[in-house]
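First, one chain by itself: the form predicted alone, in structure tokens.
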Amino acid sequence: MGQELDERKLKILKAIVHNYLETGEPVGSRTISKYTDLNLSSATIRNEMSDLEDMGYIVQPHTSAGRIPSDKGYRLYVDNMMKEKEEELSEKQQEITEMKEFLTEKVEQVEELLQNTAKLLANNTNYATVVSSPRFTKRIKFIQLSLINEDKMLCVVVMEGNVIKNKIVNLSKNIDGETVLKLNILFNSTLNGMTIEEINLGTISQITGQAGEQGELVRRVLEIIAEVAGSGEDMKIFTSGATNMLKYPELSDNVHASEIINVFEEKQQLETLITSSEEGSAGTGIQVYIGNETPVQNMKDCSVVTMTYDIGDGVQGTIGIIGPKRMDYEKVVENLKTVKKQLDDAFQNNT
């Protein structure tokens, strides 16, 4: 997406974003001429801003000369910021030390720790925060089919985290030991290490195709796997700072305020957000939603940045910060990385 912009346009876009983040007011060419080191005239900057508007990176909210970033402009800004950002957390060692002391104060109780985390982030960023409890990423470790008698079979499914499910399967027709052995090999060679979300129609077709006459039995075993993967503790969500959102004029009118407060009170939509984040952040641990990109309809005028924390053995949770689209993305990412490290340390030292 950034290929269409030369260095000058990119610098002007960054200046517009930075200025709008600071002031919340539409940005004019005169402001940019003072704000950047480009030494360009207001007329030249106006032409560049016109091009940026044609490309969809900035928009004119009303008839004034000022422009504000569009969702596309925010996206380019965030993507560039993420590429340039170094992955170090030692920049503010004192701040990290204070966070560690705060987080470990009541580490004996996980729920207090996570609630403290939410409060800490809300205080540090002046945005709203959400933290989910750690849960197993339920990957299949082992599947064992064993004949009990001629019309019954025992199906044992072992998931990561040693979640085990045993179920008796009634057989519609007799099968021999060799067939059971082949099915065990088929299931374990195909599904080992996968989550239920990763078992798609192609995988199912592959297994049922290789199972031949035992296709119906395969489908019943897959239903048992889905049942195991869907069981377990409900997600617990801890939030803080919802009222911080009302400090920003673009979110403080009655309609926006009602929608945002509703999201934090009901929490079901936050579960959707966290689930989407966990699925979308594979490999990086971080996910940024800007405007309409968020899976929560009532947050379409907000930005959300989430990060996955991993405490080992397939156990993961999510930390998220929710704010206006003009949030300070660098500060948010810094805070998330710092808190993620402290959460990881806190859990590992107390398990």
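From 1 onward, residues are counted along the sequence shown. Just so we're clear, the structure is a prediction, and the values are computed from it rather than from any experiment. Between two forms, the rigid core is defined as the largest C-alpha subset superposing within 1.5 Å.
Keep in mind that the form predicted together with a further copy of the same chain is missing from the display, and what follows is about it.
The contact residue chosen from Glu197, Asp176, Glu223, Glu266 relative to a further copy of the same chain in the predicted bound form is Glu266, the criterion being a non-hydrogen atom within 4.5 angstroms. A heavy atom within 4.5 Å of a further copy of the same chain in the predicted bound form is found for exactly one of Ser189, Thr203, Ser172, Ser258: Ser258. Only one listed stretch (205 to 213, 142 to 150, 70 to 78, 269 to 277) carries heavy atoms within 4.5 Å of a further copy of the same chain in the predicted bound form, and that stretch is 142 to 150.
Residue contact check for Lys167: one or more of its heavy atoms lie within 4.5 Å of a further copy of the same chain in the predicted bound form. For Val218, no non-hydrogen atom is located within 4.5 Å of a further copy of the same chain in the predicted bound form, even though that partner is not displayed. Taking the partner from the other structure, a further copy of the same chain in the predicted bound form has a heavy atom within 4.5 Å of a heavy atom of Lys119. For the chain shown alone, Ile185 is not a contact residue for a further copy of the same chain in the predicted bound form, no non-hydrogen atom being within 4.5 angstroms.
Put the two forms on the same core and the Cα of Leu145 is off by 2 Å or more between the shown form and the other one. Asn192 shows a C-alpha shift of 2 Å or greater between the shown form and the other one [criterion: core-superposed Cα displacement of 2 Å]. Relative to the superposed rigid core, Leu154 undergoes a CA displacement of at least 2 Å between the shown form and the other one.
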